[in-house]
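The chain below stands alone and is given in structure tokens; this is the form predicted alone.
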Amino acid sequence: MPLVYAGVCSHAPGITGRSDQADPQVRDRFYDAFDAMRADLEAAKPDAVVVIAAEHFANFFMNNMPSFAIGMADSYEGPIEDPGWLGIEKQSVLGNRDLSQRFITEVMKGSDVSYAEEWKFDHGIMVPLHFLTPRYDTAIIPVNINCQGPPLTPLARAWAFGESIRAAADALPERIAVIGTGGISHWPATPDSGKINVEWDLDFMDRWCRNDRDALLDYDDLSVYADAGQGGFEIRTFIAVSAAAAGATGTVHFLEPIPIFAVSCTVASYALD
């Protein structure tokens, strides 16, 4: 069945953990955009939501860093972080092992992937789910792209991976939604933490909305690191969603810097045929 929803959003831990410190007017408009995204996602009636994230050494480290990994379990636990710090209580998140296995099998026809039957969700997945599936009763298929440890997954491979996700969704009878989560520009856990390059973010999202493959792949990691920080490497998750959306036009529903959250908080989606 064709993909039923495709979108992207930010996942910074401050979004939930430091909500009381943000400008309430800007914060509430951001939360409203998340709520509208939740409503659109629910209206699409997915049987499963594929969440493409860049996990933060919670499950994969330098002794085992796959370029792509997909979860294959009936349930997942999260957040791995302290609930008091993140502002999200520990949850058992619904999965679907059978659907995940069939999804992985289809993805493997176009991309080489690893799979994991155990997965601890960190803020990269839990922050979006807190807003988008607040009852945690929608089956989640977690996906990780290596945006952490060099050599990073090449951007062109992230695009090809997104195409494999779309082909898998089209091949299955279930209704599949896909959401990419990440930065955009940010410098986590560095002296520059809190720095935001809004112009860079706006330019990237313009390319994303146009679904311009050549423009989206016209980045190199050195320039991304200089202009958008090591957090900017997470553009890979957004690029994979672009490829999965197969030429659809995107709309940015919210993109504004919220310094205490340390990112240009972003909510955007594609209009699928």
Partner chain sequence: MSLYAVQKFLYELNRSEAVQVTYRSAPDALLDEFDLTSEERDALTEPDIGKLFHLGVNGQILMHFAAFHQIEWQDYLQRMRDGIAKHGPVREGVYAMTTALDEEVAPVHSTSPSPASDTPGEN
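Since this is a predicted model, take the numbers as computed values, not measurements. Numbering follows the first chain given and starts at 1.
Note that the form predicted together with the partner chain isn't included here; everything after this is about it.
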item: Heavy atom of Pro134 within 4.5 Å of the partner chain in the predicted bound form; value: no
item: Non-hydrogen atom contact Met62 with the partner chain in the predicted bound form at 4.5 angstroms; value: yes
item: Contact label in the predicted bound form: Pro191 to the partner chain, heavy atom within 4.5 Å; value: yes
item: 4.5 Å heavy atom contact, Lys90 and the partner chain in the predicted bound form; value: yes
item: Proximity to the partner chain in the predicted bound form (heavy atom, within 4.5 Å), stretch among 93 to 101, 163 to 171, 194 to 202, 138 to 146; value: 194 to 202
item: Triple contact flag Trp85, Pro150 and Ile260 to the partner chain in the predicted bound form, non-hydrogen atom at 4.5 angstroms; value: yes
item: Contacts with the partner chain in the predicted bound form, stretch 102 to 137 (heavy atom within 4.5 Å); value: Lys120, Asp122, His123
